[in-house]
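Shown below, as structure tokens, is a lone chain in the form predicted on its own; questions about how it binds or moves come after it.
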């Protein structure tokens, strides 16, 4: 992933934000040592952003679409209450095995429930409401994930969509590949969606934060 913010500023922001836990740091290190696409892990700055957002909405039920090696799931588990739950979806068994290893090492890992299989099939069998939904899976299906997330999110909850800037490729027309085109289309859709309010935050590769308007909207 290219840096949209210069690395020195990124490091400064990390140093002045909520620190990552020891188990998250070890998971991140092993992900970079052993996985083919380690940059898919959200990292300490975005992890702090996710944790702070969960705390602000007092999240008790979290849904994650796209787990990878489990870094973000652990971040959520560390801040939901003891009776809270993080349901996370994944299709890749190798990355899920690494995630489970670190979940077992964390005192918060028992709050995480891994659902293996295509996310759209998992989502079809879930019931809401969820207080926070984090979407970080295949970009082609982002619109489908977003629409299902709107069905499942609590009126006071938030939806977070990762990689909303696609390494800056959202500025390119035509889009260089289908995944970027899908993100461009979704960003336009969300900006025009009268059901929600949204802000695209320039943290790491861009995080779109979406809140249902509810009756007051």
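Only a predicted model underlies this, so the values are computations on that prediction, with no experimental measurement involved. Positions refer to the first chain, counted from 1.
In what follows, reference is made to the form predicted in complex with a small molecule, a form of this protein that is not presented.
The single contact residue among 112, 137, 132, 99, judged by any heavy atom lying within 4.5 Å of the small molecule in the predicted complex, is 137. Only one of 164, 149, 42, 54 lies close to the small molecule in the predicted complex, with a heavy atom inside 4.5 Å, and it is 42. Partner contact region in the predicted complex: 61 to 69, out of 150 to 158, 61 to 69, 169 to 177, 187 to 195, criterion any non-hydrogen atom within 4.5 Å of the small molecule. Proximity of residue 107 to the small molecule in the predicted complex falls outside the 4.5 Å heavy atom cutoff. Proximity of residue 91 to the small molecule in the predicted complex: non-hydrogen atoms within 4.5 Å are present. Although the partner is absent here, residue 81 sits far enough away that none of its heavy atoms falls within 4.5 Å of the small molecule in the predicted complex. Of the heavy atoms in residue 119, some are within 4.5 Å of the small molecule in the predicted complex.
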